[in-house]
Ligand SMILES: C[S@@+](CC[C@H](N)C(=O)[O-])C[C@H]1O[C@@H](n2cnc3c(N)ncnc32)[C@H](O)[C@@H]1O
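One chain comes next, on its own, written as structure tokens: the form predicted alone.
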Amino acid sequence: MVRSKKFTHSEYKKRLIKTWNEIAPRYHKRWAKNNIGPFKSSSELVKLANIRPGHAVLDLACGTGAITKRIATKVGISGKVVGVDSSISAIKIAKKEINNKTNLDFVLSDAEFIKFNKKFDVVTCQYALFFFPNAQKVLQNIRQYLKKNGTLALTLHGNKDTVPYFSSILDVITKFIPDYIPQGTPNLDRFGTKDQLKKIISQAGFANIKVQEYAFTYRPGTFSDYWQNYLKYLAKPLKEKIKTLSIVQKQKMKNQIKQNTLPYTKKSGQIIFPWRVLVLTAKCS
């Protein structure tokens, strides 16, 4: 099989934006607006960020605005929340569901190049730091726009061994399709432990770093439900790669994925995946 060329950071970001513009509506409907699985952490993030009435808050990589709107309720009419994302599709969904909140704005921008003429009391970022090819640059940008002693609060998935919802499929598919995750894609697992996460936040100059670990669960249904929903919500470029496999290869791949889910499958046939989540808070020194 011919491997695809290695993405530059710029090419990777263009592909990521294109992907999110496609899948944002499906992502919002299935995950973001529901308090299920890893999104049970949303309330924990808002609580640990210690957001108060009157605060100015930046929600970076806000997606469809699910957590941004929670924050807007916390800061009240005397506060202000700005949600930033690079996907115009996600921003459109977020704006559509503002529900007449006057203390909330959404901005289309790249997290590496955001510019504001004000500073914020709190910056939040849910399930996004691992997507940034230059995470350190994003963190430096956050520091620039945080008030002294302001709070950074972010959420990340644990590493792949603690989130089998992803690894049960990806560990197998990448054996059958080596370029399923294109070269040049950042390692999305690179901040999945407390030590890895603390290290990059410390390198960015933050202080008083604390990481809380949560163990949530997610029930995707039976294996058939899990597999069919994975294919249903997949971005088009990945669907096209799977289509290149023969019927025999697809069946063999599916069987191996099912084997991976067996440790989490109950007698009823229902799968219950564990899902570790890290919630970090740090101060701008």
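Keep in mind that what you see is a predicted model, and the values were worked out from it rather than measured. All residue numbers refer to positions in the sequence shown, first residue = 1.
There is another form of the same protein, the form predicted together with the named molecule; it is not shown, and what comes next is about it.
Residue-level contacts in the predicted complex: of F39, Y230, Y218, F223, one residue has a heavy atom within 4.5 Å of the named molecule, and it is F39. Contact with the named molecule in the predicted complex, defined as a heavy atom within 4.5 Å, holds for exactly one of N141, S86, T151, T193, namely S86. Just one listed stretch, out of 123-131, 175-183, 195-203, 143-151, contacts the named molecule in the predicted complex at the 4.5 Å heavy atom level, and that stretch is 123-131. Within 4.5 Å of any heavy atom of the named molecule in the predicted complex lies no heavy atom of F273.
Shown alone here, A111 lies within 4.5 Å of the named molecule in the predicted complex, counting heavy atoms only. Proximity of V277 to the named molecule in the predicted complex falls outside the 4.5 Å heavy atom cutoff. Taking the partner from elsewhere, Y264 is found to have every heavy atom lying beyond 4.5 Å of the named molecule in the predicted complex.
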